[in-house]
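The chain below stands alone, shown as structure tokens; this is the form predicted on its own.
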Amino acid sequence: MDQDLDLMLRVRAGDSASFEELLRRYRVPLVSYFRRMLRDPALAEDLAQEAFLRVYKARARYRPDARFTTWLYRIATNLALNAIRDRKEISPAGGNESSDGEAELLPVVDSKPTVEQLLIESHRVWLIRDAIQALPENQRIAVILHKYQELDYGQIAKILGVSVSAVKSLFFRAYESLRVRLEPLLKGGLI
């Protein structure tokens, strides 16, 4: 039996230690998912907490039809989409907020990089994040879930409520958009 599934079944039976274990396993990946979706570290923390609160409140109704991560990311995706919609209602122009965590994506190397290398890498990361952020919602969600959260096509299909072939189509369109948008970087040698 899947270990996460077993933990969630124990949570459903009232085992708080199992819930704490799920929280320990998935809090950081969930916060990371929200940060990539929303580019707001404080909101990412709040939404991760809300996602786990919803998991806990729904524990008695939990049915092991799918993997626990699929269920968790479905809840998280709904929260992220609601937050995006709420932001659009508040600020239709939609800002380009800078994430405080830019440096966390820089690779760790044995030798200390130069300031120029750090600036180029930071700029490259910003351009890639900006390109992903510009994708339509479902394409952005699919890319983030697959590339950053490492979920497979089947899980993403269940989270988005679409077929696997629809997910493949989302990826095709997303990667084509990213290729076109990031092509100048490839020619300039920044990627």
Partner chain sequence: MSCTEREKLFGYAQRLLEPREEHEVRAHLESCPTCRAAAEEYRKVDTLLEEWTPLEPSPSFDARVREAVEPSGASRSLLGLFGFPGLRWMAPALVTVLVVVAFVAVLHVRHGRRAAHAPAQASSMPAAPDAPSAPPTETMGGEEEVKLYQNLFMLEDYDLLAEFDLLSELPKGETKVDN
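Between two forms, the rigid core is defined as the largest C-alpha subset superposing within 1.5 Å. Given the structure is predicted, the values throughout are model-derived calculations rather than measurements. Positions refer to the first chain, counted from 1.
The next section is about a form of this same protein that is not shown, the form predicted in complex with its partner chain.
The candidate spot formed by R36, A48 and S169 is fully in contact with its partner chain in the model of the complex: every one of the three has a heavy atom within 4.5 Å. When its partner chain is considered in the model of the complex, K158 lies well away from it, no heavy atom lying within 4.5 Å. Residue contact check for S163: none of its heavy atoms lie within 4.5 Å of its partner chain in the model of the complex.
Contact annotation: L178 falls within 4.5 Å of its partner chain in the model of the complex, judged by heavy atom distances. Proximity of L9 to its partner chain in the model of the complex: non-hydrogen atoms within 4.5 Å are absent; the residue sits far from the partner. Shown without its partner, the chain has V28, V31, S32, R35, R36, E45, D46, A48, Q49, F52, L53, Y56, K57, R59 in segment 28 to 66 as residues with a non-hydrogen atom within 4.5 angstroms of its partner chain in the model of the complex. A17: CA moves less than 2 Å between this form and the one not shown after rigid-core fitting.
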